[in-house]
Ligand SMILES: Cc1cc2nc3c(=O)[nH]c(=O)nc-3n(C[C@H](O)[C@H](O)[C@H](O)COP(=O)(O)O)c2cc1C
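Read the single chain below, which is given as structure tokens and is the form predicted on its own.
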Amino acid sequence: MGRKIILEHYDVPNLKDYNVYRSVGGYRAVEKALKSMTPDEVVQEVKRSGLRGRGGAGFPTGMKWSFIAKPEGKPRYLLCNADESEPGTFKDRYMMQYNPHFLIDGMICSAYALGCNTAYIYVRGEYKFIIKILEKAILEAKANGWLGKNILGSGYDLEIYVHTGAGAYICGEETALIESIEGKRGNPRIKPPFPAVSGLYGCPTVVNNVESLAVVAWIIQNGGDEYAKIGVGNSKGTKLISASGNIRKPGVYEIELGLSVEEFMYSDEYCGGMQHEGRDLKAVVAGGSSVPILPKELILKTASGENRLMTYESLSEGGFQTGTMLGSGGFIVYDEAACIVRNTWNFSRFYHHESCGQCSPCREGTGWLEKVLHRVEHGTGRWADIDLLVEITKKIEGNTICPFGDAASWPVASAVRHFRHEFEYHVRFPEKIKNREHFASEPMRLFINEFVK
């Protein structure tokens, strides 16, 4: 059984209540940090832990903190990115719903390390019930002396506020999030300058994910070296995974980084294998909708034949030709009956809708991807459409202000790369594709076999 850090006390009833959280050791990290550590020592502890950003990018957290500018006369800000709009990802919602004080605990330690006196939790609008939980927890923390002026007599002041977004996917990008908090349209900024130099209100700012900030509390309480003992290589600690799709046990799981994909997929401790008896694994999107999809033979094994591991390095081995990304941990599983074309079109509909429209390659390109995929999926596709999809992704990828264009392109490019035969089948047999009952009754492989014959 894997070690639990974030989900260690989730079986304790009413954990979101302040007194219950305190009874399991809550806010001891804040006491330790404020009473016996300097801000620089907290930063160094996080560096030693090897913690990497859990929102998708995987950048070393301690290193990111060390970049923050410290100009005289300017405040610094800490922003918690709780937007969590990535399709297939719901781990942060789970954390905030059941253990909000753990996040506040970690945020206080983090803000102290950064010299911030004001912090925001940016929550997307669809999480209205989460906002109420967070606001109640903040009031409880303040009433018990963990927030406000002169916390624990240390001379350190901190206020945390919840800021509600309008439910835009693009506001998960840190500079768009900053624009939104400032009351402007959530368009990403051109970088440089980076937020660490000029972020919220033109001041030095650090933006971190919910999971990244919460686990800081454990690291400070137990030590960065202890955290670094978990995991393999440069993938240290544990990671929350949102598992969904055609599996027996969908849900949120905490894994030790280094667990094999096969064990995560098939063991009863985690996903429990395929949902429908007699249907084999077909493909997996390992890190949320924005990462490349991989077929069974490449998600369980690398191209070199090694077991694929749930780590940043192992999942990306082979680049995007044969690899993918850990991303935000949105683990979506497809069985043989799933139609890759249909799912890819569904993703493209989302990205077309969510593009901020600031960059023409993304604004126009996502629309063309949706249009061409709709044509192929609904039985009016042309042979040239398959290569056209690839060409469109090349025109978008790397040509936009923020990574949104990449996120929209990678799922389409990888789907055509690994499942081209399905796209060809859609073009060759449009009448069978239009009869969607086929996909509900028999695995897609039966139709592919017919095509190959």
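We number the residues from 1 along the sequence you see. In this text, all values refer to a predicted model and were calculated from it rather than measured experimentally.
One more form of this protein should be noted, the form predicted in complex with the named molecule, which is absent from this view; the next part is about it.
(request) Report yes if any heavy atom of E174 sits within 4.5 Å of a heavy atom of the named molecule in the predicted complex; otherwise report no. (result) Because a heavy atom of E174 falls inside 4.5 Å of the named molecule in the predicted complex, the answer is yes.
(message) I'd like to know whether C271 contacts the named molecule in the predicted complex, with contact meaning heavy atoms within 4.5 angstroms.
(response) No.
(request) Although the named molecule is absent from this view, report whether G53 comes within 4.5 Å of it in the predicted complex, heavy atoms only. (result) Flag for G53 set to yes.
(message) Within 4.5 Å, heavy atoms only: does D83 come near the named molecule in the predicted complex?
(response) Looking in the predicted complex, residue contacts with the named molecule include D83, since a heavy atom lies within 4.5 Å.
(message) Given the stretches 277-285, 204-212, 371-379, 222-230, which is the single one in contact with the named molecule in the predicted complex, using a heavy atom cutoff of 4.5 Å?
(response) Contact criterion met by 204-212 only.
(message) Using a 4.5 Å heavy atom cut-off, which residue among I178, V123, I299, I170 comes into contact with the named molecule in the predicted complex?
(response) Partner contact (heavy atom, 4.5 Å) among the options: I170.
(request) State the residue from Y27, W410, F423, F404 whose non-hydrogen atoms include one within 4.5 Å of the named molecule in the predicted complex. (result) None of the other options qualify; the answer is F404.
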